[in-house]
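The form predicted on its own is given below as one chain in structure tokens.
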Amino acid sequence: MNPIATRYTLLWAAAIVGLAVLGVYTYLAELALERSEFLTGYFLFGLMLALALFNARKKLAMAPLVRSAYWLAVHVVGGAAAVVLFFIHAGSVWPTGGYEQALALVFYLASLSGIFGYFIQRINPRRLVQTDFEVIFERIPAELAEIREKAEAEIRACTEETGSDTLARHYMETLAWYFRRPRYFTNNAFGGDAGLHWLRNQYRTVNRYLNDSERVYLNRVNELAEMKAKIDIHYACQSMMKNWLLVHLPLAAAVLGLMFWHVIVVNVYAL
């Protein structure tokens, strides 16, 4: 078994045992007409604080702490355990009471955003490798501008050499829209190939109206368009990998704030 599998196996085993113990404790407490919410609530609050430490660990990447991969494994397993523990603590999927329902809603949204982020961090790097092309995210606007300039230069050269404006008119009516900025963001983000499909259709449409000399330029422009399609994939995938935290972190902070106030209110009323 490789180290990653071993790491996750041990963490999942510990989480399952811990949740089973708390589940049995809650069941026995209910049979004895005792309240188990305080213990499970404190465990849940402590677990959420521990999960919040993962973001602090990423900001201290140069510090001689435990490797980030181990922190990620703890965060993933701990996040899944927190959802189950929330069910145990609340006693249902959807609690009663306005404040509790607001807390549950934010908690579920934070959990879903975390699950979404985990999967895109696992899937998108593989998709980027499959493009056989590398580009730094901050360089994408400059790369697109350079490709657009090359495509327009090919169109001008074709018009000057062949004396025909068929390819130029096709560019102005269709391809100029494509080269202007990243396209098919949603489709690329979720693994589609709508951009390449659109390019193939455009290629077949105009190819029948060109002579051999014009087709040479069309093929060059098409190569540039396919290169741009790869950059569009990088733009969509890297954007999601960078920006999902802009949703997850505020939601996680809101959960902690609501839970902290919940703990205060519960303890005040318990007195």
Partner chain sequence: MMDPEKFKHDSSRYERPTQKFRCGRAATWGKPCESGPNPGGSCGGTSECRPAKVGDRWECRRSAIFGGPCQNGPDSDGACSCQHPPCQPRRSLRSMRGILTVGAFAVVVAIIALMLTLDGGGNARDAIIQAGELTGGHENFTAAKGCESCHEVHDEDAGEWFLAAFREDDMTEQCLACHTFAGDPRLGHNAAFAAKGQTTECVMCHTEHQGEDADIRHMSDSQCNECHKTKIDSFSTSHPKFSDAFPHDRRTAVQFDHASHLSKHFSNQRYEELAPEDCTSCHSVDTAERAVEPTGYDEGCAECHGAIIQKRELVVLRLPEFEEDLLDGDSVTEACGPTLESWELLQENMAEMTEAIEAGDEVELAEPEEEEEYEAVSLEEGDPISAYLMGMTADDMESYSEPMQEFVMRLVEEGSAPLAELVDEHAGEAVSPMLLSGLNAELVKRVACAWAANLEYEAPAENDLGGWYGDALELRYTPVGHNDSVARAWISFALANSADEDDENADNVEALQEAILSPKEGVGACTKCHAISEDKDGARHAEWRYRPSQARPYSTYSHGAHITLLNREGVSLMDPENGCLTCHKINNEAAYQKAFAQSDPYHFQSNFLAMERETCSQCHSDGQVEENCQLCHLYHAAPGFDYWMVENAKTEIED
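Keep in mind it's a predicted model, so treat the numbers as computed, not measured. We call the rigid core the largest set of C-alpha positions that still match within 1.5 Å between the two forms. Numbering follows the first chain given and starts at 1.
Form predicted in complex with its partner chain: not shown, discussed below.
Its partner chain is not shown here, but in the predicted bound form it comes within 4.5 Å of a heavy atom of K242.
Looking at Y27, you'd find a heavy atom of it within 4.5 angstroms of its partner chain in the predicted bound form. By the criterion of a heavy atom within 4.5 Å, L144 is counted among the residues contacting its partner chain in the predicted bound form.
Taking the partner from the other structure, its partner chain in the predicted bound form has a heavy atom within 4.5 Å of a heavy atom of P182. This chain lacks the partner; the member of D165, E173, E134, E161 within 4.5 angstroms of its partner chain in the predicted bound form by a non-hydrogen atom is E134. Proximity to its partner chain in the predicted bound form, defined as a heavy atom within 4.5 Å, singles out one entry of V83, L199, I140, L72, which is I140.
Partner contact region in the predicted bound form: 145 to 153, out of 118 to 126, 75 to 83, 145 to 153, 188 to 196, criterion any non-hydrogen atom within 4.5 Å of its partner chain. The partner is not shown here, but in the predicted bound form the stretch 248 to 269 reaches within 4.5 angstroms of its partner chain through a heavy atom at L249, P250, A253, A254, L256, G257, L258, F260, W261, I264, V265, N267, V268, Y269. Core-superposed comparison between the shown form and the other one: the CA of N243 exceeds or equals a 2 Å shift.
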